[in-house]
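Encoded as structure tokens, the following chain is the form predicted on its own, with no partner shown.
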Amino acid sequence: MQFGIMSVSDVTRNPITGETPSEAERIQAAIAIAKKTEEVGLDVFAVGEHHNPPFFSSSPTTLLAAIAAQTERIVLTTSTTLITTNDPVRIAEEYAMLQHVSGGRMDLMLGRGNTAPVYPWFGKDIRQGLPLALESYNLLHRLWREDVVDWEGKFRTALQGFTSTPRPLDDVPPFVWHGSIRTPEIAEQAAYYGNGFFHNHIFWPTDHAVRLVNFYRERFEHYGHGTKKQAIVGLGGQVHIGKTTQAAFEEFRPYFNEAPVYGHGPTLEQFSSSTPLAVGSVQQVIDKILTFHDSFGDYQRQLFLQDHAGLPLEIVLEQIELLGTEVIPVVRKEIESRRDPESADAPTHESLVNAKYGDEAPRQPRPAANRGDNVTGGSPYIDIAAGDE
């Protein structure tokens, strides 16, 4: 099972000091957080995509490529990439490039986003958000698996003899998670393709998330990708850890009270008792995370939102240190002891390569140099084997 950190990339005023970090400070902080994630033994770092203030991550692939150059082990992903307002051709190209430069240490989470004005900014209609998401992923799926694509849909220009480049590393597409908090059609699409399904599980009671995850598991089995237990599930969450329960609540309370997504509603105590938010001592946080396993059974990825609501970098890094060194080792051991042998491991590039090729060498796409029209791109892609140039 993979554990990691996800960021929404907000630039929020620190309610205690009254200071707002600059975008430059937050971008460098995100890199520091990713490096800390790897240092403490966690597995994944994810960043969301936004195109409006107060968020900075309009270009996740650029940030993740920089992090890839400064890390060695962690998987890099998004939380989420906007499948509605990005051209699927650009997603295919940019994330295939990230796959290459990271050595396969990446995957991709797709979502529709929650910022309505983004749609018209990119020439899209929010009323078409769901069919747009479904059609765009159907095209993206083909662009990574077919060297030459002929395609016609409702929401973008038709393609004839089109090849997205670079082709995926080892000719194995990045693994895709479909993120949704309330839409069965997205869970259905994830199940249809045998992809992963991710529920952010932060603001919602667990029983709500369980219903959608169980629906995805049933449809995953229906489409013949494996049993319900073998479906690929990811969850979000958030923790704040203190030496004591009181210390954890006192430190987190001012940030919670002023946070745009939390504050001025239920109290911290009410929120932490009715949602997956875990605030307390190390043991209390361990116990709360294990209730996720009680509810969902075996799942493959758990991400935690830690750097938001104006929390200063030093506190975020302290929280990741506690999470990685004191909480997750205990959770890993306990979950492993409960693990059903039928359940699946979290997909990685290496596991996908092994599943496709076994002991054979992976294909490395290699376009023919003399196909007659390399400059204008008017001729279909022709692949050649090494040594046949």
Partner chain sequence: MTDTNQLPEDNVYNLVVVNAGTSNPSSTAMLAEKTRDCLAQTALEEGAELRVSVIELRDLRPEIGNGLVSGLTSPELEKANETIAKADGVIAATPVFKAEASALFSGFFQLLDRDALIGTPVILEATAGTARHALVVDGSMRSQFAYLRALVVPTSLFAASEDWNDPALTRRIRRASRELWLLMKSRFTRELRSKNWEGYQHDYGSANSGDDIDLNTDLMKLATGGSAI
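Bear in mind the structure is a predicted one, so any value in this text is a computation, not a measurement. Residue numbers count along the first chain shown, from 1.
Same protein, other form: the form predicted in complex with the partner chain, not shown, and the subject of what follows.
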Contact assignment for the partner chain in the predicted complex, among Pro120, Pro131, Gly103, Pro166, heavy atom within 4.5 Å: Pro131
Candidate from His308, Lys124, Arg219, His293 lying within 4.5 Å of the partner chain in the predicted complex - any heavy atom: Arg219
Any non-hydrogen atom of Glu135 within 4.5 angstroms of the partner chain in the predicted complex: yes
In the predicted complex, Pro266 touching the partner chain (heavy atom, 4.5 Å): yes
4.5 angstroms heavy atom contact with the partner chain in the predicted complex for Gln189: yes
Non-hydrogen atom contact His208 with the partner chain in the predicted complex at 4.5 angstroms: yes
Which of 210-218, 297-305, 81-89, 225-233 sits within 4.5 Å of the partner chain in the predicted complex, heavy atom basis: 210-218
Stretch 132-161 - residues with a heavy atom within 4.5 Å of the partner chain in the predicted complex: Leu134, Glu135, Asn138, Glu152, Gly153, Lys154, Phe155
